[in-house]
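Just the one chain here, the form predicted alone, laid out as structure tokens.
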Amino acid sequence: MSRREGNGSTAVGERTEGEEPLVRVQGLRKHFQLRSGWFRRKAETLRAVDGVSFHLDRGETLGLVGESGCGKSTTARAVLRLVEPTAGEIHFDGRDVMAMEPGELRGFRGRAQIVFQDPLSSLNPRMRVGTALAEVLKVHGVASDTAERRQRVRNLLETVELAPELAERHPHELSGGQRQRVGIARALAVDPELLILDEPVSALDVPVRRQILGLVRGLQREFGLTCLFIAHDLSVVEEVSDRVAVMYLGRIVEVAPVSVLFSRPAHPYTRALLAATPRPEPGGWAGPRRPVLEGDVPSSVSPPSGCPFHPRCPHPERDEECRRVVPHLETKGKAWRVACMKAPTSPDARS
């Protein structure tokens, strides 16, 4: 299988001097208009993504985490324009994705692929695995004839550690882990530069989850992929990410390198997520170290005023300013940004 070379001597996620990020997202919004009906007196707006900004350097993996319903998957789909953003800027390799015409958009999606959470629903149940992969190659003009496509299908299956014989099976004849590997193979078929993985292991049991995460790490190293890895489990993104962006109610509230975020989290929401994450200990897994957050995520239709997290915030200095002022992501230290008015002014000040 023909693939690009890795990053050579440049460390994963390390930007070369003067090099632009592969992906830059600024002020991304996706609002859905909810029509009035039997149980809704008037039309309302669901603010699924409400001003998200981030970048992805070439060869790095950014983990995007948060509770269910915070807008992670909508962000991924908006970046690829699988759903049309309401507002914002998306640049890929220096090109404006929002301004792309249909032909350009098809070319962009050949360079940026997504792996969905449920591979069974994204695969044609009537199509054998090999046929489904060959169809992707044919549509994108990757292989010139049937024989070449057949060989590339074989190579793709071997790349994701599946036996080539599985090409003759239908999706329902595979295990959950095998189906997810097929989903990854399909995304790799067109030799993408950007790979978005949307909750790829959330439906798998622990042993299979670890195998898939190991596969993702291996693919990152082998092909120098740039990845956006979406999950609600911080322990999962810790294994595969260079940096982590924490999302709450349609906004990113903290971004930091993995080593920094897991050792010195600054935002109260990040602290709460880490506290609720089981950690391995001798003899088993330890549960939450502190009480988890109380209450549910507020509605994206009628979000709280001021800081969206303030109704659930356990910060001892929470005050009236938190209820009035919407905090924005501010750079507090090298590679560390946080949206909290009570955050320390430098990384060294964090406890």
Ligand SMILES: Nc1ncnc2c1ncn2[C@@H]1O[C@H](COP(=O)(O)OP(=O)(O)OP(=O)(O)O)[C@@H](O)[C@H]1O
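Heads up: residue numbers just count along the shown sequence, starting at 1. What you see is a predicted model; the values in this text were computed from it and never measured.
The following text describes the form predicted in complex with this ligand, which does not appear among the structures shown.
K.L.:
From the list P265, P85, P119, G71, which entry has a heavy atom within 4.5 Å of this ligand in the predicted complex?
P.N.:
When this ligand is considered in the predicted complex, the option within 4.5 Å is G71.
K.L.:
Even though this ligand is not shown here, does L34 get within 4.5 Å of it in the predicted complex, heavy atoms only?
P.N.:
Looking in the predicted complex, residue contacts with this ligand include L34, since a heavy atom lies within 4.5 Å.
K.L.:
How about L62: is it within 4.5 Å of this ligand in the predicted complex, going by heavy atoms?
P.N.:
Result no; L62 lies far from this ligand in the predicted complex.
K.L.:
Is L46 one of the residues lying within 4.5 Å of this ligand in the predicted complex, judged by heavy atom distances?
P.N.:
L46: contacts this ligand in the predicted complex.
K.L.:
Answer yes if any heavy atom of E199 is within 4.5 Å of a heavy atom of this ligand in the predicted complex; otherwise answer no.
P.N.:
Taking the distances in the predicted complex, the answer for E199 is yes, it comes within 4.5 Å of this ligand.
K.L.:
Okay, which stretch from 152-160, 207-215, 71-79, 189-197 lines this ligand in the predicted complex, with non-hydrogen atoms inside 4.5 Å?
P.N.:
Residues of 71-79 come within 4.5 Å of the partner.
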